[in-house]
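Take a look at this single chain in structure tokens; it is the form predicted on its own.
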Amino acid sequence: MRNNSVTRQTLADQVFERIVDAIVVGDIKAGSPLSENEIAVRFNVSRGPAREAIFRLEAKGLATRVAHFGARVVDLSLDDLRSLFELREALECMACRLAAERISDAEVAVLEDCLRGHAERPEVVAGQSYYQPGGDQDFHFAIARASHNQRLFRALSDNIYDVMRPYRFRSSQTPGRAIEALKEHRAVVEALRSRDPAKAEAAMRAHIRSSWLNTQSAFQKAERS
């Protein structure tokens, strides 16, 4: 987590991003209550920005409101995750195919720079984890944007990516998975660079299915512990 104190500019946005980071890396656990007062104290802001940030978490699917208990961090079941992965595979493979047809040289360069940066992170080199910040710093987000299909991009960015980020991060902590995922990302970029839609779609499908198998295994292991 970054410094808990935030500036007064776009407070709700900053608080929202800090809470998302905390949820993704597990500083705020799945199922944890989200109190306006506690959020306000934690990030040194008033209750207004804290309240707005919680509303945004609900809109993104990262929090849910329970009658008589208030907002809580979403805690997905294995069936929920399976459904999301099935939807993600269908949409991301389509996005990757379209990106192979439409991506610009500049967008390919951005993806390559993104992966170079990821590969230099100590935790990735050590195979410990593979954390991707949101927005264009997220490899999958950038590919969805490169599809140049705004409806498809919004379907992924608004309904899937944010809610799956904590589970993607946990999956990446499986020994060896970070390096394996980076190799799979490179295979996708190579297909995009060659403007091969079928190869790009196949590479993305292989990556997502590998991610699902790893996520499923990690989820089941956590349930048994």
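These numbers come from a predicted model, not from an experiment. By rigid core we mean the largest C-alpha set that fits within 1.5 Å across both forms. So that there is no doubt, residue numbering starts at 1 and follows the sequence shown.
Heads up, the form predicted together with the DNA isn't pictured, but that's what we're talking about next.
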Quiz prompt | The single option of Asn159, Thr64, Ser194, Ser35 touching the DNA in the predicted complex, heavy atom within 4.5 Å | solution = Ser35
Self-check item: Contact residue in the predicted complex, chosen from Val163, Ala181, Val45, Ile28 - any heavy atom within 4.5 Å of the DNA
Solution: Val45
Exercise. Give a yes or no for Ala12: in the predicted complex, does one of its heavy atoms lie within 4.5 Å of a heavy atom belonging to the DNA?
Key: yes
Practice problem: Mark Arg51 yes when one of its heavy atoms lies within 4.5 Å of a heavy atom of the DNA in the predicted complex, and no otherwise. | Solution: yes
Practice problem: Could you tell me which stretch in 68 to 76, 84 to 92, 145 to 153, 98 to 106 has residues with non-hydrogen atoms within 4.5 Å of the DNA in the predicted complex? | Solution: 68 to 76
Quiz item: Would the C-alpha of Arg47 be classed as shifted by 2 Å or more between the shown form and the other one after rigid-core alignment?
Solution: yes
Quiz item: Under a superposition restricted to the rigid core, does Met204 display a Cα displacement of 2 angstroms or more between the shown form and the other one?
Solution: no
